[in-house]
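As structure tokens, one chain now follows by itself in the form predicted alone.
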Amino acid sequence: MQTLTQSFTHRYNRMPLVVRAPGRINLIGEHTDYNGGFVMPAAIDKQFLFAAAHNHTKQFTICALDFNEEISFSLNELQPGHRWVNYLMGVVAGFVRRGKAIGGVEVMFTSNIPPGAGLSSSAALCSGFGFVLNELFQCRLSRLDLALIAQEAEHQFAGAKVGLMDMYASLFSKSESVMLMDCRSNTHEYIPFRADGLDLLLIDTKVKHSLASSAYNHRRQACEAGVKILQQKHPGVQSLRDVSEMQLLPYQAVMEEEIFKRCHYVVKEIERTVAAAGHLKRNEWSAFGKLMYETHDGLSREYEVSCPESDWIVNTARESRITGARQMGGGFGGCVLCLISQPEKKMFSQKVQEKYFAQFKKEPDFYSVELSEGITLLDF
């Protein structure tokens, strides 16, 4: 933080406010958020740091310290695209749509969230920037408002039709807890996460994904298509949240195979997430880990968002009797999340590192993570 504030004051000759915006993990409940289901996210100790101040102009000047890149734009230059600055333009547009009077700012940010690893760096970027604007201009928007603005930025300015979970987790998380989030009502319950003797280990496959890719959006469209078919006989169905496996199974012969598989995965994953919350409350770690493996199998075989690298790591974890493991995030690469005992962590990491390189000719990265508070204003 000190390096960031010094760089900001040196470049802009003013004292900033400083905001921390964390990335997130999701223990279980993947691709259920945009289907009105339940998810179980938590913020982690990897984050964006923002330093920001008014500049008393109409220009937004943003410096990405890690890239040594500075970009300026005005309110009439907001446009979609796939660069980091387009996400921030989308956030500004969200404030404008809500009639909030915001002016020019100077913002500098840095991050230690590995890009493309499925830790929601874009959500942390958008949510953190929105929090900065809300503080600087005293807009009095709620944290839920800020999450919705960040989601709109991803939808409208980056073309990624993501659910609300990532932004919500970055804003609402509490240390030493996970959230059981209801993605229909946008409410949550905190569940203490005290896994004595167990650690959370992320293994980065180094396979980069893009949530803006057509593959992600096609899966969302398949779920929506399944709901429309179900609504013909079940008009009360609003989303896959309202569907049980017993209701869905008779439609296997009616739906296209791809649509049925996508819907079946989501329906089962919503059930798994609710069950996992019960296991967590009762400290039933073995049962919780078993559900993580089931989630990965569904992601790989039914939702088809895994990759050979993720499958290999999860299968290696299963063979090594690790408590739980699954691919995490939107899919098509990123990180595998492992729930692993502390004595096993070093040996398992060494095993994966050696055999993974032999298999895929690339080096995975390993991150031990701890749960953290959501977005906060920092003192310095």
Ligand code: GLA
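Counting begins at 1, following the sequence as shown. Note that this is a predicted model, so its numbers are computed, not measured.
There is also a form predicted in complex with the ligand; it is not shown, and the following applies to it.
Proximity of residue 163 to the ligand in the predicted complex: non-hydrogen atoms within 4.5 Å are present.
Proximity of residue 333 to the ligand in the predicted complex: non-hydrogen atoms within 4.5 Å are absent; the residue sits far from the partner. In the predicted complex, residue 34 approaches the ligand with a heavy atom inside 4.5 Å.
For residue 29, a non-hydrogen atom is located within 4.5 Å of the ligand in the predicted complex, even though that partner is not displayed. Listed stretches are 164-172, 251-259, 192-200, 91-99; the contact stretch with the ligand in the predicted complex is 164-172, by a heavy atom cutoff of 4.5 Å. Of the residues given (137, 285, 216, 293), 216 alone sits with a heavy atom within 4.5 Å of the ligand in the predicted complex.
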